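So this one's two forms of a single chain, laid out as structure tokens and tagged structure 1 and structure 2.
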Structure 1
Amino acid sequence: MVAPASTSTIDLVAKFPDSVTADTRPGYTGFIVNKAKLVEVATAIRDEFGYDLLTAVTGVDYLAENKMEVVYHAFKTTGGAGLTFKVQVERIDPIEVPSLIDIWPGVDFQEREAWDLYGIKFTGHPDLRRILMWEGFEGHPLRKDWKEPFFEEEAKPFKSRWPDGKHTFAENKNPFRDNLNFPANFDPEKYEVTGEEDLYLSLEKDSLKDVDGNMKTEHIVVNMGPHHPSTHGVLRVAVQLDGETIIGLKPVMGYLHRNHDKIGERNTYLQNIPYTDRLDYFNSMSNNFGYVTTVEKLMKIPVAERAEYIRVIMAELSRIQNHLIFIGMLMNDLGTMYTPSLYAFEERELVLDIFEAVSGARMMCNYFRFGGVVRDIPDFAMQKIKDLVFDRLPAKTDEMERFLNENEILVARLKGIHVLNAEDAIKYSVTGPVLRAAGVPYDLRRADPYSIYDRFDFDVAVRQNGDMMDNYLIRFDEIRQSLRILEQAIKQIPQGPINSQKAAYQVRVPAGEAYGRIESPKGELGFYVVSNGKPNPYRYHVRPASFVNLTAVESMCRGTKIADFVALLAMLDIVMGELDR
């Protein structure tokens, strides 16, 4: 069953006849908004039409048409289809588009990313610095006319591999004999390092002034990371402190920016599947799920019935192990050295055994294919799944709760420490458990059902307080709900083929665009894919949950104690592979 395309039904054109036109390119949907009226139209979209959650912002470089496009995807937190609107500008520097940060503050990082990778200037953005690359890097890498140092050909497969494929190192093809590219006549000795004044300036600017009022204290800046045991990977956070109180902070990322989008645009559609594994490396199954549903949407192909169930089973198992690890890691951050995370990893190993049995790999499963999955679940693995779902995991979840929930130290550290309230969470486009812990029952499996989630009976886990305790407990709620889904899926799973398509290493994808999204364990995982009918995507963009959720961290942590900061960051459940891509 193909999920209904998330197109809008509202008539924006009727409301703004001179500044909005419908996007009529074949395969495209949504509206094209005149740049001059963007802010006005966006305000109406939010206030009059009720699209309060702007999830994705990204650029597309239409080199041939000499246009640069910014694509926005807005949704309602009450659920339902979304609204896509776009702005097109001439592709002549400086490319300027008004920033929407006043309407949806959640666009902050995403606009910075578009500036970094496409060189689109968002006028009115208060802090438009590079975000993934460093300040001083030459060029805007996602532009279609920007070539990386190891550039070989526009698209894979490369011709040098066969039939006359002598092994050569990519280094040998580059004049610098390395993955390097310098502007002509560049002299490294005369180069002046720009440093990070901009970062510290903006940190200073956005800091709270005078927390305690009259006491005169010196402020200090502390850099946590990128090598820091508790920032969950190579994240760096510059924190300004007044005593022990955080008065300002700026996350600095890009330390794991692996150019997923650029590589993805060279890859064929199929080749992207294993790359998505490496986004959120705890949940390769979910990533596969998001990507294949998006491309299936573009291809307009059905998914084999049995495969739908297998997909759901895998995605939910993945969610359970993710949340268990979250709990373990949170305890690490709170200072319980290892025991809870060792217990969590034990269950994770058992889940990974299942992944290994069905897909061949523990972490990088590469299990989904367009139209289905790669192979059926072997009998012994099915038995293992049943064992875990009906037997072990419920008991172990209970045990974990018994182990931790009433621990006085834990309660003291978590209870009443505010994370986010509903209004702020929506404002900052936060999705996933953090949003639900703030009292917004927004779960894509219900709000905009994909795959076959509409067939299962489960509740959306919600909690009301939005403090750390709720954020922690909601993970247990979600594990229980996932178990419920799994039980039903295991009982209902039909026999039959596992792929609706014939296995083929090249798929035909008609021209058009699609935005597909799923509820990954960390929040909304979106993929925006533009096809021009060629074997590789023209534009391939990942809207990662971690990256957008992190937008809220600044306002979340300002005014809290530094000791709570690490735990607050843990609440967002970020993973760097997805954050930096």
Structure 2
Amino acid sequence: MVAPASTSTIDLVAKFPDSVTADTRPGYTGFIVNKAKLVEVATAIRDEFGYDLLTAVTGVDYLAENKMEVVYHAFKTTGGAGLTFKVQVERIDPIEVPSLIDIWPGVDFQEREAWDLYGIKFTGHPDLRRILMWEGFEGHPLRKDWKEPFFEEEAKPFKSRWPDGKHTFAENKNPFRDNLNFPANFDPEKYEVTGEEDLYLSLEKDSLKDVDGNMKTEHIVVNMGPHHPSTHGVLRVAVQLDGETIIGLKPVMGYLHRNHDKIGERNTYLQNIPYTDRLDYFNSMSNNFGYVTTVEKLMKIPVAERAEYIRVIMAELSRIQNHLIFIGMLMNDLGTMYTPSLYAFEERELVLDIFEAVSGARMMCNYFRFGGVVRDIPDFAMQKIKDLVFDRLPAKTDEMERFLNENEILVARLKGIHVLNAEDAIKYSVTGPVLRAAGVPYDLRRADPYSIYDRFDFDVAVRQNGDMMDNYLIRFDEIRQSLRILEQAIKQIPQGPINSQKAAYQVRVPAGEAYGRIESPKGELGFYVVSNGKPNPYRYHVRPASFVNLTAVESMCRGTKIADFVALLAMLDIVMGELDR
């Protein structure tokens, strides 16, 4: 049975009767847009319908139907539910779809990712290069007909592993003990790096020619990373300089890429939960939250009341320890080596004690389940939570503010150094604390509430200057609001079961699609899941805040000094496990 058309469906179809139709596939929502009219329709969605924030873009390969689909999720920064629109094209190379980069510049990296992993060419994109795979990689690995070396089966559990538990290492089948396929006529001994020329060409093309007030100097390129201690893992950034002023910048990522999406499509729905732990490895509880919320939408199941409160408690404890580590590591990046970060890590360790008590693991918690959580909070752990929330964490937050916030060196390094204004933050699809520090009070816990966040009294932390100082201070604001939520959750948590479902080895998920999103400590963490009714997702996609927020880094840094680059990058609070996936 097709759901009744919403007002927005009627409006959009009425406006574009020849080029927009409602998506009437069972379990699907949104619109299907004619490729030739995509730019026109997208412009109207932004300008006339008010969906100014396009957060997610990805592809789906419908191999059996011989078509490729590009899926867009647009939202309003004033809040409310989103609008989903799609373009379907025949699955014959070259697969071409118009780029929307001139309408929403935040699609930059996501369109490059869809090109890299699906081979969808976005015409009009100014810099359509591979982004996660290396330049010589053969094929597009998320296509349904792409097979990796030593391919075994399409879906887990593999017959060789279960139920008998027999397996052989793929490397042992190869005399050279590797598991790579090289492109035809490719000799790794004679390989010369060609992608570097494309990188530097795109860097030159997008660079400012000269900086006002500077004497004319020769431009130089400096590579920061991928082993620089301040690039938060294996991120490389090619920076073009005019003297000490940044005139162009291109991030290079993928060093940690393991094709999380492809692994997720091979796993069963339940097997994916521990894989989400390893995305933003500082916030495994939040990652679990985003994924199970999405699958629960597809399954149309309730969540046990007590489990809803437990989920919120774990998510807000995650947010607090994440922001404390952000503050400590920012101090590290600015040169106050070790002491502030060790103060922050002490508080994080106390939160991890709680995670260990409830889940059995400190970092990779694997704690959430569809319909609830895997086990209840022990009484001694609940007492620890109360001690932290009502006594220790408020006092320690005050103490860190007292020690740091008026330090004249810190203030000199952060105050007045521009990060993003509201218009640019929205344009580049930035979410989370960086968007709110630019004056946009957009927090999914208020703007599009999930779980039971609509039951709590708290304020959306927002600041107006959009400089580094505001980006730093807003983390303290958010810690205090999280403590407010935690105090209420602890007082209100009811007794009762911790899961609405019986424990099962596999779950059956009805056919359809769902996009679920949460306010992770770094911004919007989204999961797009397509089910065909089988035990494994047909399409599993992660929309990570770290990856999308980094789209804005060139705009943030251009025109600033190289000395400020490290601090500006730190403001985005990226984690490479989530960024590279």
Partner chain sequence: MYGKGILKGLSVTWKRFWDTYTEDISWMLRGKKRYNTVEGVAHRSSKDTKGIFTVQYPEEQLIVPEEFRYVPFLVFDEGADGKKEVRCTSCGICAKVCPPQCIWIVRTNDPATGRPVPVPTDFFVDMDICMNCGFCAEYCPFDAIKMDHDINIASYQRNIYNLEKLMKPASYYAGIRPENYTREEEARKAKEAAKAAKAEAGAAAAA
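As the structure is a computational prediction, the values presented were derived from the model and not from experiment. Numbers follow structure 1, counted from its first residue as 1. Definition used throughout: the rigid core is the maximal C-alpha set that superposes within 1.5 Å between two forms.
| Just one question: which structure is the form predicted together with its partner chain? | Structure 1, which is the form predicted together with its partner chain, differs in this respect from structure 2.
| Once both forms share the same rigid core frame, by what distance in Å has the CA of residue 164 shifted between structures 1 and 2? | In the core superposition between structures 1 and 2, the C-alpha of residue 164 moves 4.0 Å.
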